[in-house]
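Heads up, what comes next is one protein chain in two forms, each shown on its own as structure tokens, labelled structure 1 and structure 2.
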Structure 1
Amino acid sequence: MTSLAPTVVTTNKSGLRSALAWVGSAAILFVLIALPFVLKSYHLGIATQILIFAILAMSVDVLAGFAGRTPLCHGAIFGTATYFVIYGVNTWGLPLPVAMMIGVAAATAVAAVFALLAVRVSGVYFLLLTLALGLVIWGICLRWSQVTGGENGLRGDLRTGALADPATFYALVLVISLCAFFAMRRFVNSPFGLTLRGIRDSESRMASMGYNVTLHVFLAFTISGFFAGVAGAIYAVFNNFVSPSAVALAQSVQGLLMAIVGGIGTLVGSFVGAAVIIILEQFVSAYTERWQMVLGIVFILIMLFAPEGIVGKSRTLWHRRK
């Protein structure tokens, strides 16, 4: 007679893990909603910035974690949307929502062009090609001073009316970031997303099975660029200023580091990585001018002891404990 005990125990453990995951998610959501009631305006601004850059990091993770393509151009895509939003409001006199939609559309178009040029390569060649494409955008923003303002950048006054209230703006960004998270989560867990994981694991095998690898990577690149554009459009409203630093290589590297620190291939790790990097940057820079060196040491330690990222390491320890 076959015993059902192992099956029952496994089912109970699975149910317990699922219940704990739901409880943890609800607790985190409760904390995020409660932040405007407990934080001052300055700290609430930092929380808002974390949410914005978490969207950027998630857009990077879609490519790096699920398609096996590590990009170094998403900062340029992000900054493109920021430039278009501020320029659209200041120069064209567009309403803010219209300017934001145009900014996201422009960022998506740039991502599509980048994708057309980069999808046929992989590995270090993909990394270097996307780096070069991002530098092209940076050079345009730096030298086309009649439009972009050059090194002086563009300043706007976008946070007016209800958006001027830090709590209201934080609530809006929280809703958008959560919508972006669930949309990207649905995307990577869809049949299309599962195909991307197959391409990540073995591109040649997926091609031999009849999948159009080039088309899948192109669409993944373009969709990830769309979400990077969403982050850039929100950042324009948050910062009221844009300069070539918004499209510089450092911006792309920061987005990638946030995804890596949180955990590549997790999406939710992007929130953790963004929080760790931005909070450390704010805290350490208040005490020393060598804050970048301190951050570098922290990154090295994470790569040595938690190469799968904070969320990835936590999941590994949790499963070992169980």
Structure 2
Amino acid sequence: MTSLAPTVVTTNKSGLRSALAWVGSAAILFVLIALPFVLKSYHLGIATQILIFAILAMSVDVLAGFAGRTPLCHGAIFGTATYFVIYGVNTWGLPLPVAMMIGVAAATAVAAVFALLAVRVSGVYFLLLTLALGLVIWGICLRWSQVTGGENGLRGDLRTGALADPATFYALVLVISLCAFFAMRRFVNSPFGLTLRGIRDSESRMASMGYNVTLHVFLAFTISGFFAGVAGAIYAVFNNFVSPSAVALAQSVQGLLMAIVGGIGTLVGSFVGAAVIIILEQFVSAYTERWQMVLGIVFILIMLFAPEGIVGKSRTLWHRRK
């Protein structure tokens, strides 16, 4: 699972390649900015959704690809923020930005609690434990119906004013997701991030060199939870509705799958993964109600044939061509 570290090659030999990479990035950015002028509002909504889920997938990737701990609770952290935003606006009468901040803070707090419980384990145990913890949130949202509305969920009315315009909202989400991307990229390339990669590759060696492994994993988990919360808070505005399915296991699975499809440990792959999964979902849902089955099959196929993901695989091929 822990595939190649996404070290950008910047030696002289690859001057041309890095130039190519720059041109490519600029082109992608141009397309992203141009989208509102070409797409209909429905398709723009899908593009917005892709960006939101790319943030969620990147938050998973920070933990799975760089700290070497694959979580299955990020859907629950994401959905916690969604619930808090809608509940805050509906019941507490908070202004939207304040509710969103509270939502992100709540998600970060949940992540910190999860992190405290999960830092001591790794590998499959980590996955199992985070899965169980995520399901607790789901159980609470399902059963505590006075607050969460139970299975009916909560309906909000958050897309008012300028946010009601799909193009404006898209632009806003684009800016936030790019900020999140650069923040996370900075984070994983910082000395702290390098230490995380060291922990991923050999925990005992890092510990014997005097690094506080537990603290690093704890912080990485909490920070990744913060970004999952950011995605969840935006999702509240995007979707105007939240139900237990927002915190369900399927949501965590989808976030992880997007990160894996794109390529674990690449960050930028999360955008690709989110795009592939969401476009596939739109496509499949147009013909059949069996999206969950298709998702399961995609999961199985990816695990069997391309566990390093699309970006991971193309990077491998790219570097082999040298």
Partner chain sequence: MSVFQLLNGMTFAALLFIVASGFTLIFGLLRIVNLAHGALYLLGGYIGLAVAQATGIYLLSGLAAMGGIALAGLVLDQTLLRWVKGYELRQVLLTLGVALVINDLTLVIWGGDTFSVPVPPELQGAASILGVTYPKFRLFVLAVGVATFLALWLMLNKTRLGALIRAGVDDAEMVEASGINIQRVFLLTFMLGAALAGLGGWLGGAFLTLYPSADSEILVFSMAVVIIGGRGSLVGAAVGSVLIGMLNTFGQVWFPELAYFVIFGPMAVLLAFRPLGLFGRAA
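Numbering runs along the sequence of structure 1, starting at 1. It should be emphasised that the depicted structure is a prediction, and the values quoted were computed from it without experimental measurement. The term rigid core refers to the most C-alpha atoms you can superpose between the two forms while keeping them within 1.5 Å.
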Which of these two chains, shown alone, is the form predicted alone?
-> 1
Honestly, after the rigid core fit, is I302 moving at least 2 Å at Cα between the two structures?
-> yes
